[in-house]
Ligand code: BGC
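Heads up, the chain below is alone and in the form predicted on its own; it's given as structure tokens.
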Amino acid sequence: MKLRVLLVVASLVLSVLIGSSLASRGTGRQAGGDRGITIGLSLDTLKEARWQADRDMFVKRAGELGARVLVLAANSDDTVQIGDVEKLITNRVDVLVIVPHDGTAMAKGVKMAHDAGIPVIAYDRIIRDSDLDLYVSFDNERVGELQARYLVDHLPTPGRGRIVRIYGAKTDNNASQFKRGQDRVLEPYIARGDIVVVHEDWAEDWKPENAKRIVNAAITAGGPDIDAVLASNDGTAGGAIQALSEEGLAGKVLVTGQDAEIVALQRIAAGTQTMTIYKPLQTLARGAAELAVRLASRHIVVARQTVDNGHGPIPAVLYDVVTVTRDNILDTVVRDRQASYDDVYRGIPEAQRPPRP
């Protein structure tokens, strides 16, 4: 079931035919009606500041467009999240937006929604093995490429060193996409023996304490001779830095990250984290809300990319990402008002701060 999603392909004629075909299917539901549009937003978790920000921006933009949003969070429990999807379907939402905890398990939720005539958007994380209507995210393999390229170029001896790799949650398809992007950059260096992976593991549920255990294990097994930690997000970077601090290595070992969380930006300003990947969450959240309203209104959505989720090519809208370091914090996240100058440089002596913009 692809509800009114128009794929832009090489042939304009084919594009028009695809759009006409999709637009003619319908679902037997009349969106909104007198009650207006209702969007169901099913979140994996709200424990992380990042997801709280996504929720708030999504709800705000949907409200500006005249839609209301029912939000449920599952606390990283697949059974709870399936139950949340059932509740949202029962509440007769016009479109369902899902951030899955387990991208494979949530295929059941997509089928349930489609059986009820409700289109489904996977937000930030793909839902596998399902006939999704739309996937809205960032280019996650590009995230991994940028992380790994920065690491390679900024090792004490560029292109050579000993590293620890911390992957995300095995249940999150994004973690695998980040790893694929990293591998694309790192594999030639590893094959030549220029870069040695001294330890690697997956951080269950992206928890910082699990990342800390991975770095602790690396140091216990091979000693403190580590040049870099390739952490897949800011939460795992934080856990890695805790372990490094215990060994007196914080600020001496390159540490990557992702999400441009405030605490990570503070660590970058202080010198304990080296970089992060900025994914303009306002662009994602507002864009997803706009797309959700269009689908709920049964209007055609234009998707210029596809992502294979195991079921087949899924129409996708993928936004670009930016590498953030100490040198460009002001020109990226602060300029975009994703973080304030005072928040980023809290705890940094005034004399060591860059000029206020």
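As the structure is a computational prediction, the values presented were derived from the model and not from experiment. In this text, residue numbers run from 1 along the sequence as written.
The following text describes the form predicted together with this ligand, which does not appear among the structures shown.
Using a 4.5 angstroms threshold between heavy atoms, Arg298 stays clear of this ligand in the predicted complex. Within 4.5 Å of any heavy atom of this ligand in the predicted complex lies no heavy atom of Asp133. Contact check for Glu64: no non-hydrogen atom falls within 4.5 Å of this ligand in the predicted complex. For Asn233, a non-hydrogen atom is located within 4.5 Å of this ligand in the predicted complex, even though that partner is not displayed. Contact with this ligand in the predicted complex, judged by any heavy atom within 4.5 Å, is made by just one of Asp259, Glu145, Asp78, Asp227: Asp259.
Here the chain stands alone, but in the predicted complex its contact with this ligand, taken as any heavy atom within 4.5 Å, falls in 44-52 among 285-293, 302-310, 66-74, 44-52.
Annotated contacts: Asp172, Trp206 and Lys279 all touch this ligand in the predicted complex [non-hydrogen atom within 4.5 angstroms].
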